[in-house]
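Next up: just one chain, as structure tokens, the form predicted alone.
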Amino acid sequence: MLLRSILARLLTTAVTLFGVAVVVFTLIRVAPGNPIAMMLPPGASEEDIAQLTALYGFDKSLPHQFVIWLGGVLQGDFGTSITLRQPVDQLVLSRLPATLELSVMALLIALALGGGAAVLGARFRGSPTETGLDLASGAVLSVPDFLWGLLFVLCFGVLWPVLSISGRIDPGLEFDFTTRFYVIEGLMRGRLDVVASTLSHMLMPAMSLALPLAAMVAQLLKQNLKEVLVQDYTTLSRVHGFSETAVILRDALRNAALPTLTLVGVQFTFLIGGTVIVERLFAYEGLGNMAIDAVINRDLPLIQGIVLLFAALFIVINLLVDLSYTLLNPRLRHG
């Protein structure tokens, strides 16, 4: 049963990626602007324009261009960036680790803040503490992530300059990275200075992304906890002498967290997409920052590669969430 579900999802994934490829390929080519004209200096001859147009295949029909591009993608060739003159797959994969590290850090912060607020609200349900937490969650949720970023830059980068406001690591650090996962590689090689510098650069953008998600987690998880805390098995735990806090952490939290898992998975995909603006705001060397440059420069092959990768990430994350929910829920697993 589980294997059949996985195979069905994989087939759906392939169809979805193909649909995304068709839509993105078509839209970015019918949009105004000529990427070839942006590559050439003023006064370029018609012959120069024609040669460059033929080089990138823009002289062919739209379906023909798509077939050529899709054939290359199936062979692992995503084309060459128009502006950077490098293979798209290498450019995208070089920036992907930065975005993944930032997204994971934001997710961990959101789970810690949201989970803590939910447990605290459930523990003191019906009290002014719960009301205050609800008001705080609503206020946090009403502010978009990029505005949180601007506030953090103003507070901790200008008025009280204690954190780095741009880049990914201190330029003065000498470290020959084998991979682009700075935190993981720094830990494995015992370079705590590299880890500290990377985390200090990630903290403000990660907090900007994490706060809205933390508010959603707090609201949903608290509601689920309150529903679970009136069940018979939690009442039995109280009869056995466990404190209210112990009942929440020992019995209620595990069951209440299952519905929250779906929200976290779905919102995590949106969180990755939200890195586009936040990375630009903090000059963070991730995939989102590169995406904005690609759009500004009308770098069609690079735009296609980035969007396709984002779509693949969204689908894979949702698939993992569904599988995790099935594995953690005994009724679904045995059904």
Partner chain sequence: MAETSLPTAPRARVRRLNLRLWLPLSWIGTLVVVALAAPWVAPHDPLAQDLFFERLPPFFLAGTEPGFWLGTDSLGRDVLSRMIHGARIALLVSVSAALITCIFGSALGLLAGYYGGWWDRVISRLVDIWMAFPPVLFAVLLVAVMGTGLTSVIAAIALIDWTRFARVIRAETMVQARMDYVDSARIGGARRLATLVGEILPNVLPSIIALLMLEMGIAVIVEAILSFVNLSISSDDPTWGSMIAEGRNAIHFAWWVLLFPLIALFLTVLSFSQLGEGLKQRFDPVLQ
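Numbering follows the first chain given and starts at 1. Think of the rigid core as the biggest set of C-alphas that the two forms share within 1.5 Å after superposition. If you're wondering where the values come from, they're calculated on a predicted model, not measured in any experiment.
What follows is about the form predicted together with its partner chain, which we do not show.
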Touches its partner chain in the predicted bound form: V295 (any heavy atom, 4.5 Å) | yes
is_contact(F270, its partner chain) in the predicted bound form, heavy atom dist at most 4.5 Å = yes
Exercise: L27 in contact with its partner chain in the predicted bound form, heavy atom 4.5 Å | yes
Partner contact for P144 in the predicted bound form: its partner chain, 4.5 angstroms, heavy atom | yes
Does its partner chain come within 4.5 Å of a heavy atom in each of A106, L199 and L203 in the predicted bound form?
-> no
So which stretch, 98-106, 157-165, 176-184, 67-75, is the one near its partner chain in the predicted bound form (non-hydrogen atoms, 4.5 Å)?
-> 157-165
Assert contact residue (its partner chain, in the predicted bound form, non-hydrogen atom within 4.5 Å, options L111, V92, V153, L120) equals V153
Since the partner is left out here, which residues of 86-114 would have a heavy atom within 4.5 Å of its partner chain in the predicted bound form?
-> none
Superposing on the rigid core, do we see a C-alpha displacement of 2 Å or more at A14 between this form and the one not shown?
-> yes
